[in-house]
Each structure stands twice: as structure tokens, then as C-alpha cells.
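First, one chain by itself: the form predicted on its own, in C-alpha cells.
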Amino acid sequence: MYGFEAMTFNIHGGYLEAIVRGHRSGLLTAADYNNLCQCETLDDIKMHLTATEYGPYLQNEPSPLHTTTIVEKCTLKLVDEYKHMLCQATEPLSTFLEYITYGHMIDNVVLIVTGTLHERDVQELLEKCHPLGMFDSIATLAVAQNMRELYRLVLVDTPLAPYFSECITSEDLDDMNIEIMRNTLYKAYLEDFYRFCQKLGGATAEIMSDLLAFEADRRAVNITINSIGTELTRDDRRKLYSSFGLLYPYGHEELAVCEDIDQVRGVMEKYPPYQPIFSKLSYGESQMLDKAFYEEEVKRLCLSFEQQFHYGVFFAYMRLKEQEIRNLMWISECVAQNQKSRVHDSVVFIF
């Protein structure tokens, strides 16, 4: 019942909520990013990060450093924090934490299947997979020739199995089908996560509904923009949109018939929460759209920490940490490639 979480939440969730709020205070600040943007070499970045919570993970790395090393070590810290929280969690928080990793599982499945299609080495692909999305039989994905085999041989024993019911076909896997598979799986995953949060009720349902609705709407916009000029029909496009969110159902109907970015903009500007995102873009421009969406997402994630006694802080922390790792990757790449003039292009400040 909404409003009564304070009476019982701390019995099982109090310790972990304190832990995650402690982790949140260790996120890099605007001052840290400004210092990182001044760095001349990757060793300078390492030296600065050694003074933050990433210190123990980077201090023993020898020079010369690579961007991949920095990103790997920062991701390792996130994975260690996640595993610690998962070990301490009881139901229903443990299930909630597992849901957070399903998106990475979907990305890993798509990465392996796409790589195998282009005859890449499986071991090399496994190294590129996100560690939060690993499962036991992931290496055997390479043997599948079509969706049915992919499901029957590998995914039937994973948490993704229920999401595959919508995209099991006997069609051979090609780039187009794999992209449709990714978006169909993501749609099923978001809808399932949304239902689970609604079932939890209270502040968790309220805050997670908003965060997941934003994610669903962002994916609807990205699917629309990426499918302009492809052979994807309007009906196929509509099937990939999630059945919740601010745009559901009327916005989806309008997005399904959009033919260019300006028509997408026209649809989105009818929804007040999304007006500021599109007002930052000039007409016909979609390059900065991702950054504008990330900035809006970060704002919403930070707001979820303003309320207590809910699970949304765990989701928010994981997302903020992933954004921080994206920021560090961009800064490191700009420094490594001597493109410092572009260093602020994709950095999204968190605090």
C-alpha cells in the first residue's frame, strides 16, 4: 500500500539502500570531469582517477595505457558493486536487481550472433561482451543458424527465454532480422520489467514507471529514426514499440508514419516533457539527439534519489554508473586520438 513502505522497508532493504546511496556519493562530479578534460595523456587520466574510487582498480596498470583498459577496469568496479548488492539482497529486491542485467544479456546475444554472421572469432567476441550480461551457455550461440535454433539450443535455459516467444521464426539470421530481434526482445523485456514494478507497488512502482516509460519512449524515437529509408513497413515498426509510456498509444500511431526527422520532431513536440529535448536540436539534425536524451535521463535518475524506501535507486545508480563509464570512454578516446577540441561533445555531467 502506497505510503506505508517506511514501516517495513528497512527490515530487508535498509542496509542495501544505504550502500547504494554511499556508492552514489562516489560518482564523479563536474569538477572531476573538468579536470579530466584538461588531461594531455591517458596516464594523466589514470593519475586523476587514482584519487577517486576507481583508484584500487587502476593503480597497478602499467604504461602505456589503452582506452579499453580504463573502460574495462571501471566496468569491473561496477560489476563488483552489483555482485555485492545481489549477494546481500532478498526477494523481491534480488529479482529486481536481476532484471537490471537483462538488457545487457540481450546486447551480448546480439553481439555474438552478429559477430558469428560476419565470421568473427567467438573468443574475441566474448571479450567484448558486457560482464553483467554473461550466462553459462553464451559461447554456444555461435552454432545457431536461425531464430528457432538460437532459442532451442541456447536461450531456453536463460532468463531471456520468455521474451523469445514473439520472435521465433525459421528465417535465417541476417543483419536486418538480428536488429528486429534485438528490438523485439527489448520490447518484451521492458514490458515485463514494467509489470514487475507495478506489482511491487508503492514508491517503487511510481518512480520506476516514470523511468521505464522514458526508456520506452526513447527507444520508440530511435527505432523510428533508424528505420527511415529501410524496408521496414509501418506495421512492423509499430510492433516494435512498447505498450506503455507517454507516447502510448497515440504517439506510436503518429511515429509509425513518420518519413523524416522533422516529422518525428513534430510528433514529439506535442508532449511537454519532451519539448526541451527537441528544442536543443536544429531542424534536420539528429546527431545530438542521443546526448539530449542522455541528459534528460540523468536528470530523472538523479531525482529518484530524492525519495526514500524504494528500489528505483538501484536502477538509477546502475544507469548513472554506466553513463559515467561512457563519459570516461569518450574523454579517453578524445585524448588518445588527440581530438581534445571535441572532448565536451558527448560528456553528460551527472552532478
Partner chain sequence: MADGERLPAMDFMRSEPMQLARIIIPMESAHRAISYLGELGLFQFNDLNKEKSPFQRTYATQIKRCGEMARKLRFFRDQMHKAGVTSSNLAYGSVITLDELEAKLGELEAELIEMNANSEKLEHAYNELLEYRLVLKKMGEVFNSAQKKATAQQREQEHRRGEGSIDSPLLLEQEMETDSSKQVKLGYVSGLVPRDKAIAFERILFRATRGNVFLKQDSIEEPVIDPVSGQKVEKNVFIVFHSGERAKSKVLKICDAFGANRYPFTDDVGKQHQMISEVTGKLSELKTTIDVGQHHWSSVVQSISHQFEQWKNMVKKEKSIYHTLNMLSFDVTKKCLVAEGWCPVFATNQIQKTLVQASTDSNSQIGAIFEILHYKESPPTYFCTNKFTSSFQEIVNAYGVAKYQEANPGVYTIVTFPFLFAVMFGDWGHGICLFLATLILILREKTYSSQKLGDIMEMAFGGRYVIIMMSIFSIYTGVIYNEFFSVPFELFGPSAYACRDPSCRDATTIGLIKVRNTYPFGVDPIWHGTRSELPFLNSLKMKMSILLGVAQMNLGIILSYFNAKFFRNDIDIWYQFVPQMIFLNSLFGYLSLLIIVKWCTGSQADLYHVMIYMFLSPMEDLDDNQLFVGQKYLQLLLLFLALVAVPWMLIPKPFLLKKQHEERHQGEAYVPLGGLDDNLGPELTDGSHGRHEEFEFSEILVHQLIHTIEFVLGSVSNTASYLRLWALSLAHSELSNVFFEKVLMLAWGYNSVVILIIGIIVFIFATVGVLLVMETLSAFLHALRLHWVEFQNKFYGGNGYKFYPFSFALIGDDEE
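Remember, it's a predicted structure, so these values are computed and weren't measured experimentally. Numbering follows the first chain given and starts at 1.
Only in words, not in the display: the form predicted together with the partner chain, which the text now covers.
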(message) Does any part of R152 reach within 4.5 Å of the partner chain in the predicted complex? Heavy atoms only, please.
(response) yes
(request) Find out whether any non-hydrogen atom of D290 is located within 4.5 angstroms of the partner chain in the predicted complex, and reply yes or no. (result) no
(message) in the predicted complex, is there a heavy atom of the partner chain that lies within 4.5 Å of any heavy atom of A142, even though the partner is absent here?
(response) yes
(message) Whether E297 contacts the partner chain in the predicted complex should be assessed with a 4.5 Å heavy atom distance threshold; does it?
(response) no
(request) Just one of 66 to 74, 305 to 313, 318 to 326, 34 to 42 has residues with a heavy atom within 4.5 Å of the partner chain in the predicted complex, so point it out. (result) 34 to 42
(request) Only one of M134, V156, V79, V257 comes within 4.5 Å of the partner chain in the predicted complex by heavy atoms, so just point that one out. (result) V156
(message) Suppose contact means any heavy atom within 4.5 Å; which members of 43 to 67 contact the partner chain in the predicted complex?
(response) D43, D44, K46, M47, H48, Q59, N60, E61, P62, S63
